[in-house]
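In structure tokens, one chain follows: the form predicted on its own.
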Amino acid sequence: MISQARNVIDFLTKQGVEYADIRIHELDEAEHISTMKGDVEKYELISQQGYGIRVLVNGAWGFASSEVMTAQAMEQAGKQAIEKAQAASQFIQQKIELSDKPCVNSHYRSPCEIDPFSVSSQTKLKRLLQLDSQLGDEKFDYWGVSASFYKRHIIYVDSEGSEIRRELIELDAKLYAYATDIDGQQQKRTFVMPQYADGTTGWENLLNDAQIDHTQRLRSELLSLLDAPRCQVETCDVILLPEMMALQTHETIGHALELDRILGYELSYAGGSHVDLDDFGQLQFGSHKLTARADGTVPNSPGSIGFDDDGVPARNVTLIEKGLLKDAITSRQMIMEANAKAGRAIFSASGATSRAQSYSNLPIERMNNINIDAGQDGDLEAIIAATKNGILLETPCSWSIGSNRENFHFATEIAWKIKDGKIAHVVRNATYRGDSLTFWHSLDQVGDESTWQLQPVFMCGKGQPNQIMRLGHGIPVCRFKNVQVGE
């Protein structure tokens, strides 16, 4: 396939294109298994193969994809991409330019001990049912376990001389349980299996004894919610645990700092950003406790894929340093457009975040791993002990975001009231809200390395047509001062 891909690029170069690349998914498999109340709820196996060809002609993109893997079909798809680029070039307002990148010949493989696709479906189901059996209770309406396994072998070749092979494996596992509380309202507890930055991403993760501990904790927490008092409206300190911190980071840092969104490309679909080009190097985004990164080099995360779909090697880019806005989530195309629009060199190189959901999609800016550096304010117990009046929040239940990511209102599955440095009791239906910049400026406690956790996100939507992307957030426990909470 490498030879065939190179031949296609040679053919396109002879047609006079300014640039061309091809992404061939030699293998693209997904297996989904779920249980409910001790029985099989769903089984699905998807296997596909195909490729996408992208060309730049007269400053415009053309793209075509196909599942027919012959050399002749690839050349035909290349011709279609050229025709589309020629048509598009008649309507563009600004010609597309691409920043420089290294020419690489490389091979990347996800860290994995046991390939999930080497394990029989029966064995997988047996393990999921074992976890399912630990979740159930007579007070629960329903409960279950789900696991999705992804495996992709991707070849990338471009007209600048790069040839890249990637073998990617991802595992998405969840626990859930629902029950009706004393007021007749439905309560739920869900749990997304975290990754371990220095670990692996294979089947071995579901064999970990920690998964049994997670089921027992989730079950116990849901039971405690059923007759817990409602969350009272007040202004107090808020401590966010990993799943909640992941959402906060995702929505108010990650999406707000996608450069294509800042340039207005998402306005008609998923909104814009309160950040503009003049803010870089000037805007105090949060308190001095906040340092955030777009880090595609974290070894074990669905956001770490070795190279983006522009063929740029993964990087660790500092987005916010001690509260100061420094950089964005960027691609080769958008940094050139942004620098031209600003009339100065804001961005020096692509952040390697141009990604496509599939071979049939055009790459766009997507989060890789939007992480927050661990701090020096101790472990979770130390942060709780330093809190006189606060609330501890975990797991998103619902979320609402301003059209420019300028404000938010999030609901959580579970919360614990903190009084005089100690957890007092569980509370139901907790929500919190804030203006994004004001909220990040209120960050006053950042947990140490013991609180830092890599939280995967497997359903991030963006773009037209919509593309679902998988990524991660490495985040510590954080405390924010004087936040409005309520039911």
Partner chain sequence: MAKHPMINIADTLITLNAFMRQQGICGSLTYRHEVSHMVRCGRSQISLNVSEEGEKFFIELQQGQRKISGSTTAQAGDVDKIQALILALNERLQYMPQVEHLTPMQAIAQGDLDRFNGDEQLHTIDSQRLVDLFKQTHQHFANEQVEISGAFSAGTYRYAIINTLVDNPICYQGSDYNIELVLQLLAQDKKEIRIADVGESLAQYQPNALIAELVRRYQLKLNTPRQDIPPGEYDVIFHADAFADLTNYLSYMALHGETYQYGMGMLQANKHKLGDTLFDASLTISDDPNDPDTLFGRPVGINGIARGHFPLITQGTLQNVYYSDKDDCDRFACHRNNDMNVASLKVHTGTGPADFDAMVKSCSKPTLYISFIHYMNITHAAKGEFTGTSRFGTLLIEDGQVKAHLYNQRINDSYHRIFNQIEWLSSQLSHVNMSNTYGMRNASSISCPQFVKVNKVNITGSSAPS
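Every value quoted in this text rests on a predicted model; they were computed, and no experiment measured them. Residue numbers count along the first chain shown, from 1.
If you look for the form predicted together with the partner chain, you will not find it shown, but the lines that follow are about it.
Novice: Based on heavy atom distances of at most 4.5 Å to the partner chain in the predicted bound form, which listed stretch, 146 to 154, 190 to 198, 394 to 402, 106 to 114, is the contact stretch?
Specialist: Result of the contact check: 394 to 402.
Novice: Can you pick out, from Gly323, Pro313, Pro299, Gly271, the residue that has a heavy atom within 4.5 Å of the partner chain in the predicted bound form?
Specialist: Selected residue: Gly271.
Novice: Just one of Glu163, Glu337, Asp377, Glu167 has a heavy atom within 4.5 Å of the partner chain in the predicted bound form. Which one?
Specialist: None of the other options qualify; the answer is Glu337.
Novice: With the partner left out of view, is Asp373 within 4.5 angstroms of the partner chain in the predicted bound form by any non-hydrogen atom?
Specialist: Contact with the partner chain, no.
Novice: Taking heavy atoms and a 4.5 Å cut-off, does Gln93 contact the partner chain in the predicted bound form?
Specialist: Yes, Gln93 lies within 4.5 Å of the partner chain in the predicted bound form.
Novice: Please run the contact check for Lys37 against the partner chain in the predicted bound form: heavy atoms, 4.5 angstroms, yes or no?
Specialist: Looking in the predicted bound form, residue contacts with the partner chain include Lys37, since a heavy atom lies within 4.5 Å.
Novice: Give a yes or no for Pro456: in the predicted bound form, does one of its heavy atoms lie within 4.5 Å of a heavy atom belonging to the partner chain?
Specialist: No.
Novice: Has each of Asp137, Gly281 and Phe307 got a heavy atom lying within 4.5 angstroms of the partner chain in the predicted bound form?
Specialist: Checking in the predicted bound form: none of Asp137, Gly281 and Phe307 is within 4.5 Å of the partner chain.
Novice: Can you list, in sequence order, the residues from 424 to 450 that come within 4.5 Å of the partner chain in the predicted bound form, counting heavy atoms only?
Specialist: The stretch 424 to 450, when checked against the partner chain in the predicted bound form, contributes Asn429, Arg433, Asp435 at the 4.5 Å heavy-atom cut-off.
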